[in-house]
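Below you will find one chain, with nothing else, as structure tokens; this is the form predicted on its own, and questions on how it binds or moves follow later.
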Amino acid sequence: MKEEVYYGRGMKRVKEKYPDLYEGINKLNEAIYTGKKLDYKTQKLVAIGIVASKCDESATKKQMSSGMAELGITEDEIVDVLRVVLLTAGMPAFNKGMRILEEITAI
């Protein structure tokens, strides 16, 4: 199951000032990442595809980086996901995803 890690800028404030809302978000997170049929690694690959298709640079970088660091997702697995992004979201989203992957793996 996914650990309690949120990248949104406002989540620190939510946790500090609105603990009831933060707890609700945690419960939703637990309900989503159940691993009933798809393991967490597969779900993370789906998340990478979604954020890459939206051309969300920050979220794409964070999803790729955390997936590689925490789950051992490989560059080749991400490229497979980006192939689907190319087919479904087009060349700009694919190119942006490939550029972000190159930045991450060049480190």
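Numbers for residues come from their place in the sequence shown, where the first is 1. Just so it is clear, the model here is predicted, and its values are computed rather than measured.
What comes next is about the form predicted together with another copy of the chain, which is not displayed.
Enquirer: With the partner left out here, check for me: in the model of the complex, does some heavy atom of residue 50 sit within 4.5 Å of another copy of the chain?
Expert: Taking the distances in the model of the complex, the answer for residue 50 is yes, it comes within 4.5 Å of another copy of the chain.
Enquirer: Should residue 61 be classed as touching another copy of the chain in the model of the complex when contacts are defined as heavy atoms within 4.5 Å?
Expert: Output for residue 61 is no: heavy atoms all beyond 4.5 Å of another copy of the chain.
Enquirer: Please determine whether residue 70 contacts another copy of the chain in the model of the complex, using a 4.5 Å cut-off between heavy atoms.
Expert: Taking the distances in the model of the complex, the answer for residue 70 is no, it never comes within 4.5 Å of another copy of the chain.
Enquirer: Is there a heavy atom of residue 66 lying 4.5 Å or less from a heavy atom of another copy of the chain in the model of the complex?
Expert: The answer is no: residue 66 has no heavy atom within 4.5 Å of another copy of the chain.
Enquirer: So which residues in 68-99, when you check another copy of the chain in the model of the complex, have a heavy atom no farther than 4.5 Å from it?
Expert: Residues within 4.5 Å: 75, 76, 77, 79, 80, 81, 83, 84, 85, 86, 87, 88, 89, 90, 91, 92, 94, 95, 96, 98, 99.
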